[in-house]
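Given next, in structure tokens, is a single chain: the form predicted alone.
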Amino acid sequence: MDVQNILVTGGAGYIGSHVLVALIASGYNPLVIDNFTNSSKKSIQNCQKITGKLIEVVEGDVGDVEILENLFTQKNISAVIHLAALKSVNESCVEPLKYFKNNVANTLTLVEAMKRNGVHNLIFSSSAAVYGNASVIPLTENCHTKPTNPYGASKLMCEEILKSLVTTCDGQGSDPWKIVNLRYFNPVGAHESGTIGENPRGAPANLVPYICEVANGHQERLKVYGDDYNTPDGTGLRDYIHIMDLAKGHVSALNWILKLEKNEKCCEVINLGVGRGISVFEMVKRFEAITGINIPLKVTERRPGDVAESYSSAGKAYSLLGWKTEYSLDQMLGSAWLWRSNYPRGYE
């Protein structure tokens, strides 16, 4: 059987680079489109070193119709993994239009190109942010969705668009859409080589990269955004998942849709998380225990759009895809610190 080409949008990013490694390990041939506004070409180079495979990259925006048309007409693409998006909750509260344009409008452009070219297999990068302040924890895929920030709202809008494609059988004939919306929780850590990892531009917005920045002396202290939540120690509870577990979740979803009957349609929503909540203070203490490095911190006011707790029920991912997490919290934090030790200033 020929190796299948998989288009990965945003493939040079944090999640994308690890997905590339997982795809190649599973026998797929990834093709990348990335505009490198929040990623580095170095991540592609390091992915090639890890895998021993050349990765074809097109530099450009997912909203560029001409680039997409060239890709779909010139390459025999079997499926798309759509990762390209802006992802900062805090920034989305300041610049909401930027998020709706980039995340929603570009997704429309992508699926229109897929439709024109008869490619109906899609893995979409969604987010646990679609749940908002849930009244039921752990979060199942059937929980009510009510995002508390524009980032989460943009992801939910995309999910609704994709659901409509499947339910209306828009332009499909005997080859209907097969779509999986993966609702991520909080990816952390890095590949075991320590050569690809989370590479934020400027001050990190996520907890573990921020802890690492304090550990290597590039930030004076960790800002803890609120210690007055209704949680055991007052800080927010999150479901942290190792980036390689997350990457393998994409491959499991891809394997599943590609094995469906040609005339079978689907639009599934699946959580990818560990299934337990860990607080900010717990993460700091565990990092200190693993590395022996003291992390000074300062409690400040809550950030707009943040919720008290968010962690998953991952049962559907296991029952439908056969996927489950393999990496421990210590491996998450240890690999994150290895990456940051190797690249104290990221790829720059």
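Note that residue numbering begins at 1 and tracks the sequence as displayed. Every value quoted in this text rests on a predicted model; they were computed, and no experiment measured them.
Although it is not shown, the form predicted together with a small molecule is what the next lines describe.
Comment: 180-188 is the region of 106-114, 251-259, 135-143, 180-188 lying near the small molecule in the predicted complex, near meaning a non-hydrogen atom within 4.5 Å. Proximity to the small molecule in the predicted complex, defined as a heavy atom within 4.5 Å, holds among Val274, Leu207, Leu71, Leu156 only for Leu207. Of the residues given (Val280, Ala317, Val62, Val32), Val280 alone sits with a heavy atom within 4.5 Å of the small molecule in the predicted complex. Within 4.5 Å of the small molecule in the predicted complex, a heavy atom is found for every one of Tyr225, Tyr240 and Asp306. The closest heavy atom approach of Pro150 to the small molecule in the predicted complex falls outside 4.5 Å. Taking the partner from the other structure, the small molecule in the predicted complex has no heavy atom within 4.5 Å of any heavy atom of Ile81. Taking the partner from the other structure, the small molecule in the predicted complex has a heavy atom within 4.5 Å of a heavy atom of Val89. Although the partner is absent here, Ala129 lies within 4.5 Å of the small molecule in the predicted complex, judged by heavy atoms.
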